[in-house]
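Take a look at this single chain in structure tokens; it is the form predicted alone.
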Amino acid sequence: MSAAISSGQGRAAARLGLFLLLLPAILWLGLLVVLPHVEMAILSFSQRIRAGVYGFGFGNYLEFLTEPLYWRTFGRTAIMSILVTLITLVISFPVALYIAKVARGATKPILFLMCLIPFWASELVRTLGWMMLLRETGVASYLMQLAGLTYGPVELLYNDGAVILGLVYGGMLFMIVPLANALESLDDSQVEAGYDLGGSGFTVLRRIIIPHAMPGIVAGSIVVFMLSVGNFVTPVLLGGKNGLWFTEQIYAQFITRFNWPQGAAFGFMLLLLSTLIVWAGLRLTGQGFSETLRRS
């Protein structure tokens, strides 16, 4: 009898200890994530009836559907963010492969440190640095003139290329790290077996390396896409008035027009877009979210 009581007390103490360990995370998620989203959801359905009087309605979402500027900017943001993610993946994959399977000794942490150095400065400072490089009197324009590629100053700012460059630069670290972690566990003997069986370099890459790195690819792509689609500073500064990024529309509704219900509705549309694209990416690659987190 006493043994059963002691066992029950032990289980209760273990559950209490687990609860206390999880309590900070529960409070963090509840107070800073769940409650603000619930309030924004309620606010997004708040529709103005007359001066000072609001009621429940779908007017804010109908405004998004009936205004071409809004849904065109919405679609443009989605397409550009997907393009940024793909470019970042293509550039980061060989870098991660080299760090994981080629670099030895002190070279590996040095390469990781080099990837981390740009993030010692804030995003705003990094973006302003790109503006100085790409402006009409910047270094890039000067080098193009020096090489004879152009006969006068060239303005490389305020276009889609500048926005993509800034977003890819800001997302590379978040793609390299999960890719390198996934490739680290690849057994070299599997690659050697692929070559011994007559596979070419492309075949080994397609049949062995990429499937093994798929959890890292998915994890890195999710992070880079979320950072790109929700970015504000880079599209506004590098894209200028032609940037047409959806976060700028959200900012305008909240700050410029003081239309918080409309801004909340736009924020939930962006959240829905991110969720759908992440879900579609997981389905297309055959990866589960828990598996992706575990292996990357």
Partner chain sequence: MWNNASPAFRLYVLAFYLFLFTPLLVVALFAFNASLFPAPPWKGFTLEWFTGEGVIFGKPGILKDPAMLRAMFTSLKVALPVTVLAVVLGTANAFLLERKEFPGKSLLAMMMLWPLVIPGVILGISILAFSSRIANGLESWLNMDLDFLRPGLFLVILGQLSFILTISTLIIAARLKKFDRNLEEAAYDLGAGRWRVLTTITLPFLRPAMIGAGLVALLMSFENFNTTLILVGSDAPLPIYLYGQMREGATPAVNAASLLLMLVAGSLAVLVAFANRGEGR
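Positions refer to the first chain, counted from 1. Because the structure is predicted, anything quoted here is derived from the model rather than measured.
Another form exists, predicted in complex with its partner chain; not displayed. Remarks below refer to it.
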From the list T150, S185, T137, S200, which entry has a heavy atom within 4.5 Å of its partner chain in the model of the complex? T137
Which one of V154, L128, L83, M214 is close to its partner chain in the model of the complex, taking close to mean a heavy atom within 4.5 Å? L128
Using the partner position in the model of the complex, report whether P94 sits within 4.5 Å of its partner chain, counting heavy atoms only. yes
Whether Y169 contacts its partner chain in the model of the complex should be assessed with a 4.5 Å heavy atom distance threshold; does it? yes
Is R206 part of the interface with its partner chain in the model of the complex - any heavy atom within 4.5 Å? no
Taking the shortest heavy atom distance, is W260 within 4.5 Å of its partner chain in the model of the complex? yes
